[in-house]
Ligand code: MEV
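A single chain, nothing else alongside it, follows as structure tokens in the form predicted on its own.
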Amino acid sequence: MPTSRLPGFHNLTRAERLARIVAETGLGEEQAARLARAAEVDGDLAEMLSENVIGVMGVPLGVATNLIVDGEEVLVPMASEESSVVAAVCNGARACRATGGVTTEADAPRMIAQVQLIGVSDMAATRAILEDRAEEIAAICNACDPVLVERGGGFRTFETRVAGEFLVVHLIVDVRDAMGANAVNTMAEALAPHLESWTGARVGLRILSNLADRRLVRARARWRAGEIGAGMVEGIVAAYAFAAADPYRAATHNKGIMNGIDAVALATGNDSRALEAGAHAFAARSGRYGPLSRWQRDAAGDLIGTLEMPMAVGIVGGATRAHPTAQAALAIMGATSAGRLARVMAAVGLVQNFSALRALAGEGIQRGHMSLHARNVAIAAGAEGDEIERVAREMVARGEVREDVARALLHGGKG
């Protein structure tokens, strides 16, 4: 039986780690060789970005076309293993080009760091103490990152809030073109001993919040009824009403938005997990989970879509700076600031949502999705080379995109 207790595993070379995994798990020689080959180009970089690396999992990098954001044409790199995600943006963006594409706006790039105070006996008195120390709090925080301050960012203000039995100090920090986690975490940790000294309370957690509701981005677009059909406008509005009424539907509605946003985040080296956490927390801010976007019909009968959500992304630091593919993606997009990147990502999320709703309100999600997914199914069934396209085409023609059908077609059967 294999063991997961592998002392010193992190000290081994990549090849040695892979060999150890083969020895422990009985991984096949062909599978091990494939892992080794996949890491030949970017394996060394991967080891700088992660831990205990044995290979590199490649994700296709596609480019969404047709998008206009704030009057500017933009090509958007998207890293996704699902072809329908990229295709949805291309198609949805084309459908609103005649009305000017997507217009957006973004808040200042302000992040929140939380410092938890434990054992506060008098909330009001402790708050007053901190208010009297406002200038010192600002000075301590800004001393943590003079470069950020020189670039126009830095500490902006602080707030206190009661959360259960705790008093929580929120540090509001303008992080400029960074995602900002490192900057605000450093400030929170530097301030912690001072808060203990001033208040007599004990500091617990000191960490950023991924509910970045001081860093919202908004997007809006119009699709003409003459372009998509009056019936489709009604169908999409009804689909939105369903999401607004039912959290089970709202979760999938928002997943459609995040399909696009996560793909751009991955392509640019941004933290998709943080974006997901912030988006879903924001969707539940009223106490009930709801849709991040809104859809309605205007006086002319056209479809109007709007989106508002947190967008904590950066173009400096972390994997964004370290990974050459991320840098290339930003260059293709022309994203020279975190704000521009955030606005483009919001536009992608809104257009992605439109395409998903159009499919759902029309022919259903499976027909278009499975047609694009057919190649993946053929590969999973063992198709290679020219067989992949042949099998995929036949499954789509039959309307049966399933692995068992693909296997039968490969072996000359009728499925």
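Given the structure is predicted, the values throughout are model-derived calculations rather than measurements. Sequential numbering from 1, following the sequence displayed.
There is another form of this protein, the form predicted in complex with this ligand, and it is not shown here; the text below is about that form.
Contact annotation: A378 falls outside 4.5 Å of this ligand in the predicted bound form, judged by heavy atom distances. Contact check for Q114: every heavy atom lies farther than 4.5 Å from this ligand in the predicted bound form. Not displayed here, this ligand is approached by L357 to within 4.5 Å at the level of heavy atoms in the predicted bound form. This ligand in the predicted bound form comes within 4.5 Å of no heavy atom belonging to S80. In short, of 182 to 190, 250 to 258, 154 to 162, 319 to 327 it is 250 to 258 that has heavy atoms within 4.5 Å of this ligand in the predicted bound form.
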